[in-house]
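Encoded as structure tokens, the following chain is the form predicted alone, with no partner shown.
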């Protein structure tokens, strides 16, 4: 059990301490929503390498980590940034060039895998995947699995329902648990001990957080513990899972953080154009990430008026006047 002490720290220190080369890392968020981008950029600045990355259905965070050369293996359901990149650009190139090994599962299967890890179970059963090639095609072959004790012996397996045809399910798929060494998620509010509240859709973040050996939470607002106690039913993550709390405004930018700001269409469009050209992409990495010392400097590359256009309307939770094209 994690202690109840003050866990507030700087992002660079948290990444240095917990995210090691070759570690198994999970990041939260969904496509272009609430990705822990400040942490992603810090991982790139620190030139972490050989990461085994897990994500549910992630876009910008996955693509930037892959593009920067941080990731060797990836387990995911979908890698895309909506209409900006229906398939992530650097992700696709890395796969086509043989630089990235990918194991794919359905969205539901990935959720169940994180849930199994959170529950302390080796696997969970489902019908998801029956009749599909997800069962037939493996990204990690048996030789790799045999040589690496951090991988399960099989991608998944099918069994006869031990209760016969109960619930019209003669066959079941067993998906292996995921227990990352580190998970990083971005939330709207957290206190100094690590109790955290996600506003809006949680995606698979709660399961990812509870499945991990270590958890870094970045948050838009650092609030007092008494504030979270006022409506405790709205808190999803208790302090017992958390190692580090990093207050960082705009911590999900350029992806959206519900109730705080929307995704940035200009940035995501420009990123895609850069990602499609090797010279432009390398220039992007240097200018946007490597030459900025931290996320505050990265955010400061934007003009104030542009950032104001992304601020969420308090009633809807989105930037209602945003030009999304």
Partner chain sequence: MPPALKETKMMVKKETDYSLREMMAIAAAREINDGEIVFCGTGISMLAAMAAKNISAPQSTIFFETGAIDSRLEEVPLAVADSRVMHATAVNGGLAEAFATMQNRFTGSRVVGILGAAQIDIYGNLNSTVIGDYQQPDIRFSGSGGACDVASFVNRTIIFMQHEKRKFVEKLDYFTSPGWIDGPGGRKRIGLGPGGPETVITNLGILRFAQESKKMYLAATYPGVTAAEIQQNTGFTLDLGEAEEFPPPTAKELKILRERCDPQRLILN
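Positions refer to the first chain, counted from 1. What you see is a predicted model, and the numbers here were worked out from it, not measured in a lab.
The form predicted in complex with its partner chain exists for this protein as well; it is not shown, and the discussion that follows is about that form.
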Classify residue 247 as contacting or not contacting its partner chain in the predicted complex by the rule of any non-hydrogen atom within 4.5 angstroms, answering yes or no. no
Within 4.5 Å, heavy atoms only: does residue 226 come near its partner chain in the predicted complex? yes
Is it the case that residue 143, even though its partner is missing from this view, gets within 4.5 Å of its partner chain in the predicted complex, heavy atoms only? no
With the partner left out of view, is residue 104 within 4.5 angstroms of its partner chain in the predicted complex by any non-hydrogen atom? yes
Which of these stretches, 259 to 267, 275 to 283, 39 to 47, 60 to 68, has heavy atoms within 4.5 Å of its partner chain in the predicted complex? 259 to 267
What residues in 298 to 325 sit within 4.5 Å of its partner chain in the predicted complex, counting heavy atoms only? 315, 316, 317, 318, 319, 320, 321, 322, 323, 324, 325
